[in-house]
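Encoded as structure tokens, the following chain is the form predicted alone, with no partner shown.
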Amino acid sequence: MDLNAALEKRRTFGIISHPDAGKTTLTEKLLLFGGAIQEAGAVKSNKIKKTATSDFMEIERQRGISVATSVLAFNYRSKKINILDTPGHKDFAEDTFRTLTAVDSVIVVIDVAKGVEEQTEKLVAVCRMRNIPMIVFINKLDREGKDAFDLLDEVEQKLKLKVCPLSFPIGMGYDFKGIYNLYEKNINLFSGDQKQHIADTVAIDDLADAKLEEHIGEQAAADLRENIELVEEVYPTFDRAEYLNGTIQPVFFGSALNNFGVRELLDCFIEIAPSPLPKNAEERRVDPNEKDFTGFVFKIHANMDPKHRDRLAFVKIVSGTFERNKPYLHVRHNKKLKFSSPNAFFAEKKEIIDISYAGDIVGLHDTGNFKIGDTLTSGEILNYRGIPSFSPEHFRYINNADPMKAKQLNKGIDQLMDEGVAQLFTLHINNRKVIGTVGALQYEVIQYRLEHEYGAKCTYENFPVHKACWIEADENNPEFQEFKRVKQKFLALDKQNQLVFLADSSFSLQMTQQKYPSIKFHFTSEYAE
């Protein structure tokens, strides 16, 4: 296939939300519409995710949460769609942050009853930082929830988005009659006690048409006319260029569980969402239609198959085509590697593929060559900007519980940190190791995996830290020398040997920032814009 034609067909996006907003259900319904699965419940029952289960997924089963990002692909109306379904649970947010470096656009799912929640705010802030095009899907309209206009206001205020409704609900909960699609100018009506069936799609070019009363009744018709008039007065008209620039966000209403509004979302998405976008490397900007292959590792998943203890590196292809058994340059190691069985992910199965195109995600079997952020190319020395680590929220000393297994423990910590499970800091003053995580649940994951995968045991001790800040300063500045002397017991190196200040309280951080104004304190490890 011609590269440009392949690019035009591809849509790679992530689905993000607070836990329980209906992200996995929406993913499943998109797969159903694409014909990739034949039954509802396949995602929930882990039939699809079975390629992503591993020993420590006991935690996933016990707690009913997603621990790892799943990659799912399907075809719909001649488009190849790659979905990255991310964990919603905040303890695994690092995985979601990294995944957002590999997507070209995002669908944000919001629960109609709960509105904008904390985790959604954090994830949308990352998308805004990167100008990722976003579509908002307000879910669970079959239940009683907040007023549609109140929700739109909340999305604008809390998420700092400029919204543009492309569909609007007719009623809600028990009174839910359907959805008016402003994008296609039609109404979807629903029938049945369970409202499981789309009874009809009626084309309504003019809301003044008396046909409207026939379909939804006088009161609902009057309310809808009033609401749509208000929408058209208050909100901007949709402009695709603004959406692609990340300055306007279309909003759809629906219920993923009952299939309301999902087809409208998908049909509009494949029309407006971007095909693979250019990406900046440190050396230059790389366009997807360049013929030479380049890509980067955004996720490593160990023990995809517990029997074989294998690791899979997930590579987002940025430009050109990736071919099986062709040698590619691993830039950090400066050596050529060949891959005999690259995997693509088609709904519930992994398949070995001969060729993949820019925008696709390929899984490469990894014997320990890769770490997150590594670049692969056809030969050019390029470095895609590393994937930032965010300041952890929990910090603990890690201690070896079995002195005979020190080597195994070090190897295990090293590999798990490469995989991005957590962050490792080595204190300046005594070389003790501190593990920082986004959520406390990660400590259980690390402990379990060290024991079951590396035969090493560890214990933890609390280490009171408020924030980890990456330091940017002039080495020769006397102020920086004084800072290092005075604050040495709070200084550490991360895994990339970057200097980190571990502030023990927000007050201490504030005072340090005031005392040393020439030093910059960053809350992510990647700050050179």
Ligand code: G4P
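Keep in mind that this is a model prediction, so the values were computed, not measured. In this text, residue numbers run from 1 along the sequence as written.
Missing here is the form predicted together with guanosine-5',3'-tetraphosphate (G4P); even so, the following discussion is about that form.
Although the partner is absent here, residue 142 is a contact residue: one of its heavy atoms lies within 4.5 angstroms of guanosine-5',3'-tetraphosphate (G4P) in the predicted complex. At least one heavy atom of residue 257 is located within 4.5 Å of guanosine-5',3'-tetraphosphate (G4P) in the predicted complex. Although the partner is absent here, residue 18 lies within 4.5 Å of guanosine-5',3'-tetraphosphate (G4P) in the predicted complex, judged by heavy atoms. At a distance threshold of 4.5 angstroms between non-hydrogen atoms, residue 25 is in contact with guanosine-5',3'-tetraphosphate (G4P) in the predicted complex. Partner contacts here mean any heavy atom within 4.5 Å of guanosine-5',3'-tetraphosphate (G4P) in the predicted complex, and among 132 to 140, 415 to 423, 151 to 159, 236 to 244 they occur only in 132 to 140.
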